[in-house]
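Below you'll find only one chain, the form predicted on its own, shown as structure tokens.
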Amino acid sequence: MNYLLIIPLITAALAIAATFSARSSALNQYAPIFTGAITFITGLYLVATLHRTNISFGGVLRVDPLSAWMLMTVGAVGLVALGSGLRGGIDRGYSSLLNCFLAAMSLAVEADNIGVMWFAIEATTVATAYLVSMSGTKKSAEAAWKYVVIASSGIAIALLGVVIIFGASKGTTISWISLMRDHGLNQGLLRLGLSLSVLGFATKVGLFPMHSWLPDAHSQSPAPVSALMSGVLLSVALYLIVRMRLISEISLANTEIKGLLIAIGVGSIGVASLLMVRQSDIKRLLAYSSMEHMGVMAIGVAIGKDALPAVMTYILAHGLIKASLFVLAGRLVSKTGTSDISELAKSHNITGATKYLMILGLIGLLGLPPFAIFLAEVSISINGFTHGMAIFIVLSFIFALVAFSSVVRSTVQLAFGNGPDDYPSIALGIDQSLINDSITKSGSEVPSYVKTSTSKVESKQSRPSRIRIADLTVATALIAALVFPLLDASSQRAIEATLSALTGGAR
């Protein structure tokens, strides 16, 4: 079964080779989707078969139930983002970068060596820097450069931490499984190395105070890229922090790493919630929401192994929901030419499946039951109270309420418009021409969106309704965010058993 670990990497490499040799537009579109599907199937199989054990390949790759769950998440979010958001006509460079992106994330979660993890997460920076600027606009170029500068600075800090951890092992290993079992580590160097690594990788997670790249990069990227970055890249970087946290739990660095994660977690929730209050751009709102959710997950990681199964559930559910929302937002922006929430509400282009899927996704993003995010947040909160972190949980809850109100406001706008004047009279069966004549006689100007609403609805009614594969993909993802993370109870127990086994010998 060890050979399964290289299947996602080989698939991505073959997909890249195929796109460059065949020069087919259809292949360019479907090759990344195929890579995502193979990654998901491989991860799902490993999740179903790995229980309380791990497998390795070549001394470089190692997968236990924790990393198998992450590999499955990479594939699942990749399928949603690319399967529902990728359209025909893309070039082979775009397709190849998407395959590289998926391969780098797969390598990051499968790597046993912390140095290889660092290399893989840096490879995601290289791939996504080009993807962010793919639209070719000045704003996208600025966002890409900002992303490269800030992310590379954070990754450089993480590299210094990895080197110091290597020194703490007296130059013998940086394998995470070996570090978990090595009781002769230099505790002073380990504290410093783990702290720097966590701080550096937190930059890629988009956590405070190195978060400023996140809204720009996510808002300027093509919709599938935004979906991948927000839905799973941030979580992959958080997974690296989880590995550091597990090492700290069996060392004297426990207090430092816990305190650092609490500080950046609460800070991220607070800053993101305040920035969301007056946010009018749908893609930036979703980006700040990712920052807020990552802050909650960071607090769960700070709590330790007792809360990590809930964090893993959170990662999968959030990834599926956020990828779906970015794809839907990209569809609306493409149709209307604007990402302003008020303008989108006035345009009345949010109709049919897009409208209802968007509302359902935003409800899931709010963490309302029965979505799995709700249960994950409740579990993290309970564990926080039982581990003496009540004040931080309460403070985070207050900030989260601010973010909650911002998302609710936007959801209401998108669902019902900005007010009574925004409802098209045709929805009530009234002759639009009579309304226009009345407005004209009164001396008022007929709003442009009112003038065009009749023709839009008539053209829509003249076309037969059809079920789109993209809508089915998004709907399946949102349904999965309701139930899938909770179905595989045996996998959750396997994760709990793995975490207990890894940290059971704490001294």
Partner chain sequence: MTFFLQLCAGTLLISTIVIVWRRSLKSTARLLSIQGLALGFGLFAVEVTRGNSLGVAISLTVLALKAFVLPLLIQRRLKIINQDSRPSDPSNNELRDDTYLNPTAGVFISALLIGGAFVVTGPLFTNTGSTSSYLAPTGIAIVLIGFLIISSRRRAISQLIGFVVVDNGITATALFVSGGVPTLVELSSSVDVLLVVLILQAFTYRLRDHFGHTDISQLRNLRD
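Numbering follows the first chain given and starts at 1. Keep in mind it's a predicted model, so treat the numbers as computed, not measured.
The same protein has a further form, the form predicted in complex with the partner chain, not shown here; the description that follows concerns it.
J.: What is the one choice in 178, 152, 342, 338 with a heavy atom within 4.5 Å of the partner chain in the model of the complex?
T.: Of 178, 152, 342, 338, the residue with a heavy atom within 4.5 Å of the partner chain in the model of the complex is 152.
J.: Could you tell me which one of 101, 201, 288, 239 places a heavy atom within 4.5 Å of the partner chain in the model of the complex?
T.: Checked against the cut-off, the match is 288.
J.: Thinking of 10, 93 and 360 as the candidate spot, does the partner chain come within 4.5 Å of a heavy atom on all of them in the model of the complex?
T.: No residue of the spot touches the partner chain in the model of the complex.
J.: Is the gap between residue 334 and the partner chain in the model of the complex 4.5 Å or less for some heavy atom pair?
T.: Residue 334: no contact with the partner chain in the model of the complex.
J.: Answer yes if any heavy atom of residue 249 is within 4.5 Å of a heavy atom of the partner chain in the model of the complex; otherwise answer no.
T.: No, residue 249 is distant from the partner.
J.: Would you please decide whether residue 354 lies within 4.5 angstroms of the partner chain in the model of the complex, comparing each non-hydrogen atom pair?
T.: Result no; residue 354 lies far from the partner chain in the model of the complex.
J.: So in the model of the complex, does any heavy atom of residue 146 sit within 4.5 Å of the partner chain?
T.: Close contact exists here: in the model of the complex, residue 146 approaches the partner chain to within 4.5 Å, heavy atoms only.
J.: Counting only non-hydrogen atoms, choose the one of 215-223, 70-78, 315-323, 241-249 that falls within 4.5 Å of the partner chain in the model of the complex.
T.: Correct option: 215-223.
J.: Going by heavy atoms, what in 258-279 lies within 4.5 angstroms of the partner chain in the model of the complex?
T.: Residues within 4.5 Å: 275, 279.
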